[in-house]
Structure formats: C-alpha cells, structure tokens
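Here you get one chain, nothing else, as structure tokens; it is the form predicted alone.
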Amino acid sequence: MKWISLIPVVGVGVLLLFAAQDFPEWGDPQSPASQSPVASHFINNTGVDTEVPNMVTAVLADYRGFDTMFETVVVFIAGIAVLAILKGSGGRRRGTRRAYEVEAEPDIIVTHTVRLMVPVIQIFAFYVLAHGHVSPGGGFQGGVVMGASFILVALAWDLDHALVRMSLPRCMAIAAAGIIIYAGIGFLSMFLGGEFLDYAELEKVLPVSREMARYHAMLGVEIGVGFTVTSIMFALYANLSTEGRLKGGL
C-alpha cells in the first residue's frame, strides 16, 4: 500500500514546482519583498537603530523581539509535551527489551575521534551564538550546534554517558533559564522606565550608548535562546531514541 501514499506526495511536489515559477529571481531588487516599504525601512535604519551589522539578527531580536521570545517559549512547551507523551508511553513498556538493544563496548576509534571533535564543535557553537550580530548565526543556530555535540557523545558512547553531562532535569532547568534570561531582559527594560524588550533603556545600567545597549542586550537574548534550544534538542533526542525510557538508545 506504500505506492498509494506516493500519489499525494507526487501531486503536492508537482504543485510546489508549478508555484515556484512565480517566485522572483534570487536577489532581484525589483521583487515585491525588496520593494516593500517595510524592507526599505529595515535596510535604511537597522544599522542606525541597533548598531548591529547583521540585519537578520536585528530584525529577529529587536524589531520582532516579542515574536522570537514566544518562538522560544513554543520550543520549550513543545519539548515538555513530547517528553510527557514519550515518558508515559515508555513507562508501559518498561519491562520489554527491543531485539536490537545489545550491550557493546564503545569503539575506541570512534570515541577518541569524538573526544577530539566535541570541544571544537562546542567552541564553534559559542562562536556562532556570539558572532550572530555580524554574520549568519545566533541563538537558534548556536543552540542546535551545541545540542548536536551532546547527541554525538551519546552516539559515540551511550546515552548514559551523555546524561552524566546533561541529565534530563538539568536540560529542563537550562531550558527554563533561557526563557527567564530572555524575559528578564525585557522586564529589566520596563523597570528602567521603558517598554518590555526596549533594550535601549539598559544604557542606564551599562556604560554604553543607547544603540550599543541594544547591541549588548540582544547578545543576552541570543544566549537565552541558545540555552533553551540546546537543552530541548538533546532532551528530545534522549527520549525519542529510547521511546521515553532513557535507557539504551540508538
């Protein structure tokens, strides 16, 4: 019956390819997006308003800071929901054991290679997070890279080895801390006399100009996003790979 499911897949694919013909050419300055007054405002004012060279980061963390904050909250809630469902379903099968779950010693070549790679991956994750103001990157991207480093540890050794470094309670605490950091910067802006997520008000506690206060506050926001994405990503892997039992894994 698998061929029946191929029919809607091919149909939707043909529809998408047909619709793609209406897209403007890549980088076309005459495209509707480029001609939009909103886009023109961002292009002309982002550098002046935020002192952030990367326009994408400025839009995500400043102009639409509310939206990004609630995206982070959605990641957190989705993670909790998936963990709750898997934990409940895994508990009913706690006494069973899958046929391919066998005890095996980690491969020494794999583990030694991963031992060298993980620090480099994590340093790169910090770079992507902190350098997102001036190049592609930020909290979401850096968080995914950091989370992947813990998943790599679990794949090279076993899940227990990774859980020693990033246990599930620690994941949830770090994920919640990320949202608290994000919202805390917003509330701090209010306490200083501005509006929620009005980063410029942080000039009253930072020895910088209003524009640079926005710059530094956005870095704090990105760190909060990185915390949440890192922990939820690894927590999802740990539960999905074990059907909620946190034993065995891939």
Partner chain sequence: MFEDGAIINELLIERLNYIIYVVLLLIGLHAMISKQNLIKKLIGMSIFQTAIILFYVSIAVKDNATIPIYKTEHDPHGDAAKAAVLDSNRSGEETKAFYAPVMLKPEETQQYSNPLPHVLMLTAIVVGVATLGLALALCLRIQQGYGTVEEDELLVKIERSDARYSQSPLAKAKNRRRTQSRNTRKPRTSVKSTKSIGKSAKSLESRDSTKTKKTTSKSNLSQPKKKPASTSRKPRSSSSKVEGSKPTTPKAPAKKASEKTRAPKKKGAE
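Positions refer to the first chain, counted from 1. Throughout, rigid core stands for the largest set of C-alpha atoms superposing within 1.5 Å between the two forms. The structure displayed is predicted, hence computed values, not measured ones.
If you look for the form predicted in complex with the partner chain, you will not find it shown, but the lines that follow are about it.
J.: Would Val164 show up as a contact with the partner chain in the predicted complex if we use heavy atoms at 4.5 Å?
T.: Judged by the heavy-atom cut-off of 4.5 Å, Val164 is well away from the partner chain in the predicted complex.
J.: Looking at the partner-bound form in the predicted complex, is Ser135 within 4.5 Å of the partner chain by any heavy atom?
T.: Ser135 belongs to the contact set for the partner chain.
J.: Taking any heavy atom pair closer than or equal to 4.5 Å as contact, tell me whether Gln141 reaches the partner chain in the predicted complex.
T.: Although the partner chain is absent here, Gln141 would touch it in the predicted complex, with heavy atoms inside 4.5 Å.
J.: When the contact criterion is heavy atoms within 4.5 Å, does Pro53 count as touching the partner chain in the predicted complex?
T.: Close contact exists here: in the predicted complex, Pro53 approaches the partner chain to within 4.5 Å, heavy atoms only.
J.: Has each of His112, Trp157 and Gly193 got a heavy atom lying within 4.5 angstroms of the partner chain in the predicted complex?
T.: No.
J.: Pick from Leu188, Ala200, Ile223, Val59: which has a non-hydrogen atom within 4.5 Å of the partner chain in the predicted complex?
T.: Partner contact (heavy atom, 4.5 Å) among the options: Val59.
J.: Can you work out which of Ala78, Ile123, Ala173, Ile180 has a heavy atom no more than 4.5 Å from the partner chain in the predicted complex?
T.: By the 4.5 Å heavy-atom cutoff, the listed residue in contact is Ala78.
J.: Taking the partner chain in the predicted complex, which residues of 38-56 have any heavy atom within 4.5 Å of it?
T.: Val38, Ala39, Ser40, Phe42, Ile43, Asn44, Asn45, Thr46, Gly47, Val48, Glu51, Val52, Pro53, Asn54, Met55, Val56 sit within 4.5 Å of the partner.
J.: Determine whether the C-alpha of Gly193 shifts by 2 Å or more between the shown form and the other one once the rigid core is superposed.
T.: After core superposition, the displacement of the Gly193 C-alpha between the shown form and the other one stays below 2 Å, so no.
J.: With both forms fit on the core, is the shift of the CA atom of Asn45 between the shown form and the other one 2 Å or larger?
T.: The answer is no, as the C-alpha of Asn45 shifts between the shown form and the other one by less than 2 Å after core alignment.
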